[in-house]
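Take a look at this single chain in structure tokens; it is the form predicted alone.
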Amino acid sequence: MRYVMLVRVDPDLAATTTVDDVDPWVGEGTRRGLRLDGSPLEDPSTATTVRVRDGEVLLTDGPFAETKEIVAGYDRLEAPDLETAIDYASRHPVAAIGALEVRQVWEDFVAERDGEMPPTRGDGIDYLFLHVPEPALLRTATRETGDPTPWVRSVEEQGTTLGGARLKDEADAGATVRSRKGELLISRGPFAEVAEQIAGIDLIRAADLDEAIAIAAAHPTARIGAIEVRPLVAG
């Protein structure tokens, strides 16, 4: 099964706590076939949150919500079960200064593409999209208005997608992992510090922020919630 792990950091703890280098953790995941890929994100101040209301694109500087533990990176994992993914996440250095939110991917949310995938553009800036529906607006979406399939096919044809995932929100499909004073703390389900949960991610390669915003604004989530657009750390 596939999982997305959102790496969340508490800036106060990060400022006062020395943590181990992440390379051994990455190396373990590579050797065991648990880690597919991942990247740190640029500072939250570089984020742009995109909403579309009544046809108007609304932009807000910064992340979609102020939280104590900010999203600072992501990893895509593959594991036989959630317990294996949790065990691996628990050894990430950030467990001591934040939280690792492990979420199972909803594999068949968008149907597989018929035919060969067009090539992804070679040049550009890579962005992570965090999809955050508003519960009240989500209830107004229909299968037609909320279906992301046309958008997915569009970014594939444009060569701007590096992949994406819809995340399950059931308690048995995820967990948030922390380590404090040597004690492992595991909370079942999605990250519980905010009312509006991250429902999915997309990785997009765009020429610049303006193009990334335009791509985000075309997604159904922008009309029933918000999409946080944040650049990945280059290299």
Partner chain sequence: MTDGTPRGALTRAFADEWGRIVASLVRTTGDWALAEDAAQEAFATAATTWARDGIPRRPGAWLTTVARNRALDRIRRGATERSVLAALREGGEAVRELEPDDVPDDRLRLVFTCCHPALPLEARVALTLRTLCGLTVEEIAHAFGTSPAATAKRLVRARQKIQRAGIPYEVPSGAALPARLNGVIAVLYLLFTEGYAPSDGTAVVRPELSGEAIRLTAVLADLMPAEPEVLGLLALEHFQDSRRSARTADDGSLVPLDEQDRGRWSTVAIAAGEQALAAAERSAATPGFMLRQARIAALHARSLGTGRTDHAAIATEYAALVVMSPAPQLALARAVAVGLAEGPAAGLALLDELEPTGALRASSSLPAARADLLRRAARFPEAAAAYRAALDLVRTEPERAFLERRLGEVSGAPG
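Residue numbers count along the first chain shown, from 1. Just so it is clear, the model here is predicted, and its values are computed rather than measured.
Note that the form predicted in complex with the partner chain isn't included here; everything after this is about it.
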4.5 Å heavy atom contact, residue 183 to the partner chain in the predicted bound form: no
Non-hydrogen atom contact residue 47 with the partner chain in the predicted bound form at 4.5 angstroms: yes
Contact flag, residue 59 vs the partner chain in the predicted bound form, heavy atom cut 4.5 Å: yes
Interface membership of residue 162, the partner chain in the predicted bound form, 4.5 Å heavy atom rule: no
Answer range among 167-175, 39-47, 25-33, 196-204 for contact with the partner chain, defined in the predicted bound form as heavy atoms within 4.5 Å: 39-47
Heavy atom distance at most 4.5 Å to the partner chain in the predicted bound form, all of 138, 147 and 220: no
Within 4.5 Å of the partner chain in the predicted bound form: residues from 199-217 (heavy atom criterion): 208, 209, 210, 213
